[in-house]
Structure formats: C-alpha cells, structure tokens
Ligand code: SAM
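Just the one chain here, the form predicted alone, laid out as structure tokens.
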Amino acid sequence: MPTPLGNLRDVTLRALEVLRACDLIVAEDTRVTRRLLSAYGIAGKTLWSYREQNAAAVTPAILERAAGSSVAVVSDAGTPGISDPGRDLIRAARAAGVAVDVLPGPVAFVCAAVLSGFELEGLVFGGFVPRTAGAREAILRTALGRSAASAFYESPRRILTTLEVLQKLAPNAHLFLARELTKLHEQQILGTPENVRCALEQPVRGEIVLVIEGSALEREHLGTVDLEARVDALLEAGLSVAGVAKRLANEGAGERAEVYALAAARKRARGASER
C-alpha cells in the first residue's frame, strides 16, 4: 500500500480506509508509519517491522497472519515493492497461495520523470545506482546510450560521485534531479551534469531521483562531429590553431584548451592527408 513521499496530505482516501480496517500493518520503519497514523487519528493498530535486514526472519509469521486476516504492507514513502524488500514478500505470498492486492499511489521515480519533461516512451527504471565504481560507470554508460530516458534513485552521500562520472562520460547530457519531492525543501534541477552539481544544495541531504534523457551519447557524438566540422572550416579559412581555439571558446563551443587540442589534431590530420 503506497504512502506519501513526504507531504502527508498526499495519502489516498482508500489507503486510509485500509489502514483503519486492517488487522496488522507491516512497516519498513514503524516510527515513520506511526507518524502517518497519528496525523489521521488512527490509533490502536498493531505494527510489525519488515525491512531488508529482517525480511527472511519475519516473512513466515507475516504470511501466517495474512492467511486468516487482513495485512497492510507499507514502506516509509511511496509504493512497496519498488527498490525495497516488498517485492520478495509479494513473491512469497503468491507462492504460499495468499491473495495480494495493490493500491495506486505515489512513486517517486514516476513523479520525477514527469517533472523532467523528457520523452518517456520506453522509460527505464534502474533502481539505486550501484555503489562500486565499475558497476556505477557501466550502468550509467548504458543509460546514456539508451534511446529512452532512465530514472535512478541515489544516495545523497554518492550523488556527487555519480554526477562526476556522468560529466566524464557525457558532459552535455541532459539530466533532471529531484530532491526531497513534495517536502518543505524540495529541489528540482535541470541541466548538464556540471549544472546539476553546481546547483545542488550543500551538504546534500534527502531522497534523490535522477533522470537521464535518452540518446545522450548520440547527441554527444553529433556535437563532436559538428565541432570538428567548424574547426575544419576555420582552418580552411586560414585561422591558426590558437585563433580557432580562441574564437570557438568565445562562442561557447568548449573550453579553450580542449578546442586547441582538437584544432591541432585536425590540422595534423589535414597535413597528413595533403602529403
């Protein structure tokens, strides 16, 4: 059963009916759930803790209760089963012949994807960005090369590292970052990896969703091809390598040192082809 992402007024009427009527509430963090219950005057409910650390131990008892009474499963925020152990409980319930139902409600990555304004046909949800460097870079490279947009959850402790990787792989990628959705200090940032990094409030706190627009590497490649063509045209017009670098950097085509290196390489290539 979904619960609000932050603003407690986002709970549905049906969700409140279920919370009032159920015999047991299985919660990711019982303290968080008690705040929701208290806000709506729901008292006297039995709550059990169900999280990644104790899921295997408490699942049999939950299924036993669910076989003969109504059990509501809630996460701290959003819909259970998305990047939390709720999906394992669903599989276990179905395997045990226990009926399962779902209530519609908030999902953070869906809200962020809509807010991004990106094309969302074929949207891919990647869960949490991997913690290890190699796996992180691999999954981000895949997302950047995908034609469809990709959405990820990320920890505030690791988001700057993730943005650094994206800056290295595709500095012109289009990103949307949503932090603390529906909460008092909500922040929405649209731009390149560097834009997002600079705009992100420091120190970084709260829940984060990162959306990467599709075809980022393809656009990066086309941008490089276009820049090479502009460099070639200016060299053909008689500008020096330094002149090309200064002009294009002033036009915002890139850092002067990077454009200089490209112009020097293109001039060497032109010289080799003319010999």
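Everything quoted here is computed from the prediction, not taken from an experiment. The numbering used is simple: start at 1 and walk along the sequence shown.
Keep in mind that the form predicted together with this ligand is not shown, yet the notes after this line are about it.
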Residue 248 versus this ligand, in the predicted bound form: is there a non-hydrogen atom within 4.5 Å? no
Contact with this ligand in the predicted bound form for residue 178, defined as at least one heavy atom pair within 4.5 Å: yes or no? yes
Taking heavy atoms and a 4.5 Å cut-off, does residue 83 contact this ligand in the predicted bound form? yes
Check residue 183 for me: does it contact this ligand in the predicted bound form (non-hydrogen atoms, 4.5 angstroms)? yes
Out of 163, 77, 71, 149, which one falls within 4.5 Å of this ligand in the predicted bound form, going by heavy atoms? 77
So which of 209, 234, 66, 36 reaches within 4.5 angstroms of this ligand in the predicted bound form, heavy atom to heavy atom? 209
Which of 102-110, 168-176, 136-144, 88-96 lines the interface with this ligand in the predicted bound form (heavy atom within 4.5 Å): 102-110
